[in-house]
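Just the one chain here, the form predicted alone, laid out as structure tokens.
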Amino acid sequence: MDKNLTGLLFIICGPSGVGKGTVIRHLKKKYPWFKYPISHTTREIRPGEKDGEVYHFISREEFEKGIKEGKFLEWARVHETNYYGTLKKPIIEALKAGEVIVREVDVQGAHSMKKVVPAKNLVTIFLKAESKEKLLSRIAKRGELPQAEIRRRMRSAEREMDQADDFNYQVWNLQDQIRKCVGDVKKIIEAELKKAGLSA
């Protein structure tokens, strides 16, 4: 990895149902000039989704080929079934250009990125729910998901919440308090940008 990287990569992490996607949507409105890379995944496209909006949908064979060729900065099999990953090239090019990147990843992906991206270019933020019970209730209410996937997400969420201390920051996303959560994340971003000599 190039040690002369000047940009900053913010990772937004946390268990399923904690509100990562909602936080990212708010950040896009506040900081539209930041880079927001899109994940590649092998999961099936759902009704209403379009390739290239939230995910790039590719086959398992294509994904595994990319793994062998070292194309992913991080990748993981999430919820024991599908692959999800972040391509390395766009992230590294943005960091070399001194840009700010915001990326939503799962806990596995965050640990993989920490092994590759220099600590001075990486800020990890873990979103927390008020309790495991509340979080599992949020997951269970996602009626568009099959019951088997909801159960897998619940098991994953319980494991992930136990790893919050591995992150630079922990931010509470309490029920019906998304504005406060987003505000806390913005404060972290702006403080870290100032420390790195970058502008928001």
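Just count from 1 along the sequence shown to find any residue number. In this text, all values refer to a predicted model and were calculated from it rather than measured experimentally.
Absent from the display: the form predicted together with a small molecule. The rest refers to it.
Honest question, do Phe126, Asp184 and Glu192 all end up within 4.5 Å of the small molecule in the model of the complex by heavy atom distance?
Spot residues vs the small molecule: no contact at all.
Contact with the small molecule in the model of the complex for Ser39, defined as at least one heavy atom pair within 4.5 Å: yes or no?
Contact check for Ser39: yes, within 4.5 Å of the small molecule in the model of the complex.
Is Ala94 a contact residue for the small molecule in the model of the complex, using a 4.5 Å heavy atom cut-off?
It does not: once the small molecule is placed as it appears in the model of the complex, Ala94 has no heavy atom within 4.5 Å of it.
Would you check, heavy atoms only and a 4.5 Å threshold, whether Arg151 touches the small molecule in the model of the complex?
Looking in the model of the complex, residue contacts with the small molecule do not include Arg151, since no heavy atom lies within 4.5 Å.
In the model of the complex, His26 touching the small molecule (heavy atom, 4.5 Å):
Residue-level check for His26: no, no contact with the small molecule.
May I ask you to choose, among Arg159, Arg60, Lys30, Arg46, the residue with a heavy atom within 4.5 Å of the small molecule in the model of the complex?
Selected option: Arg46.
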